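We begin with a single chain expressed as structure tokens, specifically the form predicted on its own.
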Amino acid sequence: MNAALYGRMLSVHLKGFLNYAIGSAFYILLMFWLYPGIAQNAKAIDDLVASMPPGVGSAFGLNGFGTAEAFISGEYYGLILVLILSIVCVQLSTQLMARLVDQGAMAYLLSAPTTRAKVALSQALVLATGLLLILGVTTLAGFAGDAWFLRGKYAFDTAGFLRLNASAFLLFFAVGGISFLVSALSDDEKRARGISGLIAFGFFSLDLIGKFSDKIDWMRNLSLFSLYRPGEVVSGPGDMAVTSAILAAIGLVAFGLAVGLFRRRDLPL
């Protein structure tokens, strides 16, 4: 890794990271603020969800409202956070690699006394740091929401909440790795963004559609998002160790391939 490049790129993108982190913190605090009112009518809402067509509750993360983390896992971690971090992965991976090649800035980086591998690794670490920062702020905001709005009056499993954030990080570590790989192999910023967006939101769409019916449940097997089940994560560790290991391995392999292939490819410099 090139420490100077890492620090410089981190400072360049820090404002963007903080904007996403603050937005994520705002939304999760909103969920905590809403929960006391939801909890008072939890049974009626659960009955309403049960009356919906099969698959609707699963598709949109309506996992029950008996506990704060169950409500938040469905309403926030099952949809809003997924969309936020998908956008972060697609946009940032493109900016860190393909944009620099497309605009000619990569030539200036490689003219310095460093190697391609170190440049790519530094950029990959910037992306991973950004994801970690956003989820770290989200986690802290969740604990603040518990202290401010729940105040011990409603059940809140802190261990389950931590598992939820760890699971979300690993999912987007894998998605970010794939997006970064696409960006490292592309000379065109728009093309890289388009392909990465198609992959990320294609995975999301396959997982979402597959939840609607058992007949098309097989579609979820084609998506990384099938390994991310926030409702199950908060109810217990379950198979989280297995899915976490798979997601971590996918992310490491994707980032590793990006670094290795970028080092060997021909660049239009």
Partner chain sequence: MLTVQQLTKRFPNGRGVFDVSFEVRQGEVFGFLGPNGAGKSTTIRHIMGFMKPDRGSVRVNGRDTWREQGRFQADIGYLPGEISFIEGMTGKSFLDFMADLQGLRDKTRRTQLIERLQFDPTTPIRKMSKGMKQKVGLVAAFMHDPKVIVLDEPTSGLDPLMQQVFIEIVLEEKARGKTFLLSSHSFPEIERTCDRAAIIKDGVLITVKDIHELQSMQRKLFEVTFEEAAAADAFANAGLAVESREGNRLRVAVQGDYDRFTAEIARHKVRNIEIFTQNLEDIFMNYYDRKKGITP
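These numbers were taken from a predicted model, which means no experiment stands behind them. Numbering follows the first chain given and starts at 1.
Beyond what is shown, the protein has a form predicted together with the partner chain; the following relates to that form.
Given that the partner chain is left out here, which of 259, 247, 21, 9 has a heavy atom within 4.5 Å of it in the model of the complex? None of the other options qualify; the answer is 9.
Identify, from the list 92, 100, 178, 120, the residue with a heavy atom within 4.5 Å of the partner chain in the model of the complex. When the partner chain is considered in the model of the complex, the option within 4.5 Å is 100.
Residues in which of 155-163, 191-199, 140-148, 109-117 have heavy atoms within 4.5 Å of the partner chain in the model of the complex? The contacting stretch is 109-117.
Does residue 105 make contact with the partner chain in the model of the complex, using a 4.5 Å heavy atom cut-off? Within the cut-off, so yes.
Counting only non-hydrogen atoms and a 4.5 angstroms cut-off, does residue 1 reach the partner chain in the model of the complex? Answer no; every heavy atom of residue 1 is more than 4.5 Å from the partner chain in the model of the complex.
Kindly indicate whether 87, 224 and 229 are, all three, within 4.5 angstroms of the partner chain in the model of the complex, using heavy atoms. Per the other structure, none of 87, 224 and 229 touch the partner chain.
At 4.5 Å, heavy atom to heavy atom, what parts of 181-199 sit next to the partner chain in the model of the complex? List them in sequence order, or say none. The stretch does not touch the partner at all.
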